[in-house]
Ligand code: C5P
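The form predicted alone is given below as one chain in structure tokens.
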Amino acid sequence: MTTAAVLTAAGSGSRLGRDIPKGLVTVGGTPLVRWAASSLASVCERIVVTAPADAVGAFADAVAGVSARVDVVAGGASRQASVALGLSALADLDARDAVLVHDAARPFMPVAVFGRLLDALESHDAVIPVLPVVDTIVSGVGGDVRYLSRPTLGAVQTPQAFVWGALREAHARAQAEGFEATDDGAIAQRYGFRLGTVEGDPLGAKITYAEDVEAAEQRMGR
């Protein structure tokens, strides 16, 4: 069985206050996209990186030498569109192969989580890593506020793992129906595929703001 990955990196760095794509922002002198691709290469034979159309060459340079086959393709207007384009580059996979869908904005997710995801994929079509919610959460802010039951809530992370045939079908049906979701687990679940969860990791937190980069630098002792 082949294990492959789609690594989305087509986002801008505007919220980081940078004038380069987020995936090219460096921590410890290494671009975020390379951190993420290098981790994925520990379990994946193939990786497809989706990058801004005008920065494909720069991203190819950033991941050169990673110990897996890495192809860089232009991403789409949304994350979901970028994932779909990445999946197109993996069209020759077998239906039972495994595909991880990851974000370059979560470059420091421990490899142990990858293992948990792939193990759980033996009994599910799709698996997502989840962290317990530690804050009290409400809905209806600005209107009819409702407190949600914290023990039943979790924060979803990436990478997420899928049986290739299930993910391909789910994305095709979502495109045909015009269904949009913020992650691929939601797409798989919508079309009846078995969705499981594993424990995530706080180190897989998303890098969104400049202080997130600063915190990552500090963890590295720089």
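Just so you know, these numbers come straight off a predicted model, no measurement behind them. Counting begins at 1, following the sequence as shown.
Beyond the structure shown, there is the form predicted in complex with this ligand, which is absent from this document and is the topic of what follows.
S.K.: Choose one stretch from 71-79, 132-140, 119-127, 145-153: the one whose residues place a heavy atom within 4.5 angstroms of this ligand in the model of the complex.
M.R.: Flagged stretch: 71-79.
S.K.: Under a 4.5 Å heavy atom criterion, is A105 part of the interface with this ligand in the model of the complex?
M.R.: Contact check for A105: yes, within 4.5 Å of this ligand in the model of the complex.
S.K.: Does G200 make contact with this ligand in the model of the complex, using a 4.5 Å heavy atom cut-off?
M.R.: Close contact is absent here: in the model of the complex, G200 is far from this ligand, nothing within 4.5 Å, heavy atoms only.
S.K.: Verify the contact flag for G204: yes if a non-hydrogen atom of it lies within 4.5 Å of a non-hydrogen atom of this ligand in the model of the complex, no if not.
M.R.: Although this ligand is absent here, G204 would stay clear of it in the model of the complex, with no heavy atoms inside 4.5 Å.
S.K.: Is there a non-hydrogen atom of R15 within 4.5 angstroms of a non-hydrogen atom of this ligand in the model of the complex?
M.R.: Because a heavy atom of R15 falls inside 4.5 Å of this ligand in the model of the complex, the answer is yes.
S.K.: Suppose contact means any heavy atom within 4.5 Å; which members of 25-50 contact this ligand in the model of the complex?
M.R.: Result: T50 alone.
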